[in-house]
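Shown below, as C-alpha coordinates, is a lone chain in the form predicted alone; questions about how it binds or moves come after it.
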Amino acid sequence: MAFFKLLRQSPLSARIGLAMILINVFAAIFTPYIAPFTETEVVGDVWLPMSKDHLLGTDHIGRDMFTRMLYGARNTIAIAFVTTMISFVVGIVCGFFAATIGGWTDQILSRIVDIMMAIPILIFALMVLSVVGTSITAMILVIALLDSTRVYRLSRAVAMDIEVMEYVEAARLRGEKIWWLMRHEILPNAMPPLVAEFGLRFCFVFLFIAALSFLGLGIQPPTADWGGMVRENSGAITFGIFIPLWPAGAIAFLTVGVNLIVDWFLHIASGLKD
(Lines give C-alpha, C1' and ligand atoms only; values in the text may rest on other atoms or scores of the structure.)
Protein backbone atom coordinates (compact mmCIF):
# COMPACT_ATOMS: atom_id res chain seq x y z
CA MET A 1 0.00 0.00 0.00
CA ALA A 2 1.03 3.59 -0.62
CA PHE A 3 0.99 4.47 3.08
CA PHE A 4 3.36 1.66 4.08
CA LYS A 5 5.66 2.48 1.16
CA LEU A 6 5.73 6.10 2.32
CA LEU A 7 6.34 4.97 5.90
CA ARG A 8 9.32 2.85 4.85
CA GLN A 9 10.83 5.94 3.21
CA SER A 10 10.14 8.14 6.22
CA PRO A 11 12.93 9.45 8.48
CA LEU A 12 13.55 8.02 11.93
CA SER A 13 11.95 11.04 13.61
CA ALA A 14 8.65 10.41 11.80
CA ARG A 15 8.62 6.76 12.84
CA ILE A 16 9.30 7.72 16.44
CA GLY A 17 6.50 10.30 16.29
CA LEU A 18 4.07 7.77 14.83
CA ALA A 19 4.98 5.23 17.52
CA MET A 20 4.40 7.84 20.23
CA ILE A 21 0.97 8.67 18.82
CA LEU A 22 -0.01 5.01 18.41
CA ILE A 23 0.93 4.27 22.03
CA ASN A 24 -1.44 7.01 23.20
CA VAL A 25 -4.22 5.96 20.83
CA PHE A 26 -3.88 2.31 21.89
CA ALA A 27 -4.03 3.30 25.57
CA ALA A 28 -7.08 5.50 24.96
CA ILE A 29 -9.02 2.85 22.99
CA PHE A 30 -8.30 -0.13 25.23
CA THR A 31 -8.38 1.65 28.59
CA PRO A 32 -11.21 -0.49 30.08
CA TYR A 33 -9.25 -3.66 29.29
CA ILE A 34 -5.84 -2.41 30.44
CA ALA A 35 -6.73 -0.44 33.57
CA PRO A 36 -6.53 -2.56 36.73
CA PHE A 37 -9.13 -0.44 38.56
CA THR A 38 -12.05 1.84 37.76
CA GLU A 39 -11.54 5.53 37.08
CA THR A 40 -12.64 6.83 40.50
CA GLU A 41 -11.92 3.86 42.76
CA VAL A 42 -9.87 4.57 45.90
CA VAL A 43 -7.47 1.65 46.25
CA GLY A 44 -4.87 2.65 48.84
CA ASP A 45 -3.21 5.32 50.90
CA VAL A 46 -2.27 8.79 49.64
CA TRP A 47 0.74 9.11 47.31
CA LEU A 48 1.97 5.55 47.63
CA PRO A 49 5.22 4.81 45.75
CA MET A 50 5.41 2.62 42.65
CA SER A 51 4.86 -1.08 43.31
CA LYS A 52 3.63 -4.23 41.60
CA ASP A 53 0.09 -3.39 42.75
CA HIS A 54 0.27 0.27 41.71
CA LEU A 55 2.67 0.68 38.80
CA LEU A 56 2.75 4.48 39.05
CA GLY A 57 1.75 4.84 42.68
CA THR A 58 -1.42 6.48 43.96
CA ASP A 59 -2.71 10.04 43.79
CA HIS A 60 -3.73 12.60 46.41
CA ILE A 61 -6.77 10.61 47.59
CA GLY A 62 -5.46 7.08 47.02
CA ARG A 63 -6.58 6.31 43.46
CA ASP A 64 -4.34 4.25 41.19
CA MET A 65 -2.25 6.61 39.04
CA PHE A 66 -1.76 4.11 36.23
CA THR A 67 -5.53 3.73 35.90
CA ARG A 68 -6.04 7.50 36.07
CA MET A 69 -3.37 8.03 33.40
CA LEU A 70 -5.13 5.64 31.03
CA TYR A 71 -8.54 7.22 31.54
CA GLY A 72 -6.93 10.65 31.29
CA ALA A 73 -5.56 9.70 27.88
CA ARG A 74 -9.01 8.60 26.71
CA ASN A 75 -10.76 11.75 27.99
CA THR A 76 -8.18 14.38 27.04
CA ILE A 77 -7.32 13.03 23.58
CA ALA A 78 -10.96 12.39 22.63
CA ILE A 79 -12.11 15.84 23.72
CA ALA A 80 -9.16 17.54 22.01
CA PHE A 81 -9.81 15.64 18.78
CA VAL A 82 -13.53 16.46 18.72
CA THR A 83 -12.81 20.11 19.50
CA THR A 84 -10.22 20.34 16.72
CA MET A 85 -12.58 18.71 14.22
CA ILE A 86 -15.35 21.21 15.02
CA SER A 87 -12.97 24.16 14.80
CA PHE A 88 -11.73 22.97 11.40
CA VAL A 89 -15.20 22.44 9.98
CA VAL A 90 -16.28 25.93 11.06
CA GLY A 91 -13.01 27.61 10.08
CA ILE A 92 -12.66 25.94 6.69
CA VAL A 93 -16.29 26.50 5.65
CA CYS A 94 -16.22 30.17 6.67
CA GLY A 95 -12.73 30.74 5.20
CA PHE A 96 -13.53 29.14 1.85
CA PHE A 97 -16.89 30.91 1.71
CA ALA A 98 -15.31 34.32 2.37
CA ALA A 99 -12.57 33.77 -0.23
CA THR A 100 -14.99 32.49 -2.89
CA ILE A 101 -17.74 35.09 -2.40
CA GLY A 102 -15.49 38.06 -1.60
CA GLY A 103 -16.94 41.53 -1.26
CA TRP A 104 -18.86 42.47 1.87
CA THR A 105 -19.16 38.84 3.01
CA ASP A 106 -15.38 38.56 3.15
CA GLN A 107 -15.04 41.94 4.89
CA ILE A 108 -17.63 41.22 7.58
CA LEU A 109 -16.34 37.73 8.41
CA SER A 110 -12.72 38.90 8.44
CA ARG A 111 -13.45 41.83 10.75
CA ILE A 112 -15.34 39.58 13.17
CA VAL A 113 -12.37 37.21 13.22
CA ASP A 114 -9.96 40.13 13.74
CA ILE A 115 -11.94 41.28 16.77
CA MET A 116 -11.97 37.79 18.29
CA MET A 117 -8.25 37.29 17.66
CA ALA A 118 -7.44 40.65 19.28
CA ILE A 119 -8.46 39.23 22.67
CA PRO A 120 -6.00 36.74 24.23
CA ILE A 121 -7.57 33.33 23.77
CA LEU A 122 -6.92 32.12 27.33
CA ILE A 123 -8.52 35.22 28.87
CA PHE A 124 -11.46 34.98 26.45
CA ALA A 125 -12.01 31.29 27.28
CA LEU A 126 -11.75 31.85 31.03
CA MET A 127 -14.25 34.70 30.81
CA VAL A 128 -16.78 32.76 28.74
CA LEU A 129 -16.48 29.50 30.71
CA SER A 130 -16.88 31.33 34.01
CA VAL A 131 -20.24 32.61 32.68
CA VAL A 132 -21.65 29.61 30.77
CA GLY A 133 -20.28 26.94 33.10
CA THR A 134 -17.57 24.30 32.93
CA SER A 135 -19.41 21.39 31.35
CA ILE A 136 -17.54 19.38 28.72
CA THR A 137 -20.00 20.46 26.01
CA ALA A 138 -19.55 24.14 26.83
CA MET A 139 -15.76 23.77 26.91
CA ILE A 140 -15.68 22.03 23.52
CA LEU A 141 -17.87 24.64 21.86
CA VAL A 142 -16.02 27.61 23.36
CA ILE A 143 -12.56 26.33 22.46
CA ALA A 144 -13.69 25.22 18.99
CA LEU A 145 -15.19 28.63 18.25
CA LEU A 146 -12.08 30.48 19.44
CA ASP A 147 -9.69 28.15 17.61
CA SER A 148 -11.72 28.31 14.38
CA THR A 149 -10.56 31.93 13.94
CA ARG A 150 -6.99 30.68 13.36
CA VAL A 151 -8.22 28.03 10.93
CA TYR A 152 -10.30 30.69 9.15
CA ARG A 153 -7.27 32.88 8.48
CA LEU A 154 -5.25 30.01 6.99
CA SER A 155 -8.09 28.51 4.93
CA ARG A 156 -9.09 31.94 3.57
CA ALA A 157 -5.49 32.72 2.55
CA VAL A 158 -5.05 29.35 0.84
CA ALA A 159 -8.46 29.55 -0.86
CA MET A 160 -7.76 33.03 -2.22
CA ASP A 161 -4.66 31.72 -4.01
CA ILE A 162 -6.56 28.73 -5.43
CA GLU A 163 -9.71 30.67 -6.31
CA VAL A 164 -7.94 32.65 -9.07
CA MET A 165 -6.65 29.54 -10.87
CA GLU A 166 -7.84 28.73 -14.38
CA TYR A 167 -9.59 25.49 -13.42
CA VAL A 168 -11.69 27.35 -10.86
CA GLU A 169 -12.61 29.98 -13.46
CA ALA A 170 -13.52 27.21 -15.89
CA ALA A 171 -15.80 25.67 -13.28
CA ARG A 172 -17.46 29.04 -12.74
CA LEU A 173 -18.06 29.38 -16.46
CA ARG A 174 -19.68 25.92 -16.46
CA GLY A 175 -22.16 27.30 -13.95
CA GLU A 176 -20.97 25.42 -10.88
CA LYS A 177 -22.31 26.67 -7.55
CA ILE A 178 -20.29 28.03 -4.63
CA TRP A 179 -20.50 24.86 -2.54
CA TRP A 180 -19.44 22.72 -5.49
CA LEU A 181 -16.40 24.92 -6.06
CA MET A 182 -15.47 24.75 -2.40
CA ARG A 183 -15.78 20.96 -2.19
CA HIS A 184 -14.42 19.83 -5.55
CA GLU A 185 -11.94 22.52 -6.61
CA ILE A 186 -10.63 24.39 -3.57
CA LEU A 187 -10.64 21.76 -0.80
CA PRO A 188 -8.62 19.03 -2.61
CA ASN A 189 -5.91 21.53 -3.54
CA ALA A 190 -5.82 23.05 -0.05
CA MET A 191 -5.42 19.75 1.80
CA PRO A 192 -1.61 19.68 2.42
CA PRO A 193 -1.39 22.91 4.46
CA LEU A 194 -4.72 22.19 6.16
CA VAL A 195 -3.67 18.68 7.24
CA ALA A 196 -0.42 20.04 8.64
CA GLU A 197 -2.34 22.79 10.41
CA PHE A 198 -4.69 20.18 11.86
CA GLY A 199 -1.79 18.55 13.66
CA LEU A 200 -0.58 21.87 15.03
CA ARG A 201 -4.06 22.97 16.10
CA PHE A 202 -4.64 19.60 17.78
CA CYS A 203 -1.50 20.14 19.85
CA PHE A 204 -2.66 23.64 20.75
CA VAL A 205 -6.15 22.48 21.74
CA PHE A 206 -4.74 19.53 23.67
CA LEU A 207 -2.42 21.81 25.66
CA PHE A 208 -5.15 24.42 26.05
CA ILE A 209 -7.57 21.91 27.58
CA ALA A 210 -4.82 20.74 29.92
CA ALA A 211 -4.16 24.36 30.92
CA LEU A 212 -7.85 25.00 31.59
CA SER A 213 -8.07 21.85 33.68
CA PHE A 214 -5.00 22.93 35.62
CA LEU A 215 -6.73 26.26 36.33
CA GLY A 216 -9.93 24.47 37.40
CA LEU A 217 -12.14 25.43 34.43
CA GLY A 218 -11.53 22.46 32.16
CA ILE A 219 -12.54 18.83 32.64
CA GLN A 220 -13.98 18.61 36.12
CA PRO A 221 -13.25 15.99 38.83
CA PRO A 222 -13.68 13.11 39.29
CA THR A 223 -13.22 12.67 35.52
CA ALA A 224 -9.56 11.89 34.84
CA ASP A 225 -7.64 14.51 32.89
CA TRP A 226 -3.90 14.98 32.63
CA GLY A 227 -3.98 18.74 33.27
CA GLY A 228 -6.27 18.32 36.26
CA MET A 229 -4.09 15.50 37.60
CA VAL A 230 -1.07 17.81 37.62
CA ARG A 231 -3.04 20.38 39.64
CA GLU A 232 -4.51 17.82 42.05
CA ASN A 233 -1.13 16.31 42.88
CA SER A 234 1.03 19.44 42.73
CA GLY A 235 1.32 19.46 46.52
CA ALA A 236 3.30 16.21 46.36
CA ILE A 237 6.32 18.11 45.04
CA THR A 238 6.67 19.78 48.44
CA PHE A 239 7.34 16.37 49.99
CA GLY A 240 9.75 15.25 47.27
CA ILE A 241 7.15 13.01 45.60
CA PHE A 242 7.14 13.29 41.82
CA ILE A 243 3.66 11.93 41.10
CA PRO A 244 2.67 15.09 39.10
CA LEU A 245 5.45 14.38 36.62
CA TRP A 246 3.56 11.38 35.20
CA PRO A 247 0.66 13.39 33.68
CA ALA A 248 2.99 16.28 32.80
CA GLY A 249 5.30 13.88 30.98
CA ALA A 250 2.35 12.30 29.16
CA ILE A 251 1.27 15.72 27.88
CA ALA A 252 4.78 16.42 26.59
CA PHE A 253 5.09 12.90 25.13
CA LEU A 254 1.98 13.20 22.93
CA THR A 255 2.76 16.78 21.91
CA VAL A 256 6.26 15.87 20.73
CA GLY A 257 4.94 12.87 18.80
CA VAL A 258 2.34 14.92 16.91
CA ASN A 259 4.89 17.62 16.08
CA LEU A 260 7.31 15.05 14.66
CA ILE A 261 4.59 13.77 12.32
CA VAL A 262 3.60 17.31 11.33
CA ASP A 263 7.23 18.17 10.49
CA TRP A 264 7.47 15.06 8.29
CA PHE A 265 4.22 15.86 6.51
CA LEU A 266 5.28 19.46 5.89
CA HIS A 267 8.53 18.19 4.40
CA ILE A 268 6.59 15.89 2.06
CA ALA A 269 4.10 18.61 1.07
CA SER A 270 6.89 21.08 0.31
CA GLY A 271 8.33 18.77 -2.35
CA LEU A 272 11.86 19.18 -0.98
CA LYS A 273 14.33 16.30 -1.11
CA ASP A 274 16.70 15.24 1.64
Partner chain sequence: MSTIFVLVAKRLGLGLVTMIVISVLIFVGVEALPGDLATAILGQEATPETVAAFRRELKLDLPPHVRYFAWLGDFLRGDLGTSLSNKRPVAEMIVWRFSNTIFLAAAAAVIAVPVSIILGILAALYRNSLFDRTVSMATLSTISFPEFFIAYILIALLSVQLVIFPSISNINDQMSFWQKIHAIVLPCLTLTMIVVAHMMRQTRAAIINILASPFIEMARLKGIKRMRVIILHAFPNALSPVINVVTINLAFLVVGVVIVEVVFVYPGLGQLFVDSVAARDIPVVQASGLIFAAVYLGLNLLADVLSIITNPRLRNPK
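Nothing here was measured: the structure is a model prediction, and the numbers come from that model. Positions refer to the first chain, counted from 1.
FYI, the form predicted in complex with its partner chain isn't displayed, but the following is about it.
J.: Would you confirm whether the three residues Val230, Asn259 and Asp263 all fall within 4.5 Å of its partner chain in the predicted bound form, going by non-hydrogen atoms?
T.: Each of the three qualifies.
J.: Considering its partner chain in the predicted bound form, which of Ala27, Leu48, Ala35, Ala248 comes within 4.5 Å of it through any heavy atom?
T.: After the contact test, the surviving option is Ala248.
J.: By the heavy atom within 4.5 Å rule, which residue out of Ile115, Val82, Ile108, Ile178 makes contact with its partner chain in the predicted bound form?
T.: Partner contact (heavy atom, 4.5 Å) among the options: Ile115.
J.: Pick the stretch from 235 to 243, 63 to 71, 27 to 35, 48 to 56 whose residues have a heavy atom within 4.5 Å of its partner chain in the predicted bound form.
T.: Flagged stretch: 235 to 243.
J.: Determine whether any heavy atom of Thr255 comes within 4.5 Å of a heavy atom of its partner chain in the predicted bound form, and answer yes or no.
T.: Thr255: contacts its partner chain in the predicted bound form.
J.: Considering only heavy atoms, tell me if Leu154 and its partner chain come within 4.5 Å of each other in the predicted bound form.
T.: Because no heavy atom of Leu154 falls inside 4.5 Å of its partner chain in the predicted bound form, the answer is no.
J.: Could you tell me if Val43 has a non-hydrogen atom within 4.5 Å of its partner chain in the predicted bound form?
T.: Judged by the heavy-atom cut-off of 4.5 Å, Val43 is well away from its partner chain in the predicted bound form.
J.: Answer yes if any heavy atom of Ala78 is within 4.5 Å of a heavy atom of its partner chain in the predicted bound form; otherwise answer no.
T.: No - in the predicted bound form, heavy atoms of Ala78 and its partner chain never come within 4.5 Å of each other.
J.: What are the residues of 18 to 46, in order along the chain, with a heavy atom within 4.5 Å of its partner chain in the predicted bound form?
T.: Read in sequence order, no residue approaches its partner chain (within 4.5 Å, in the predicted bound form).
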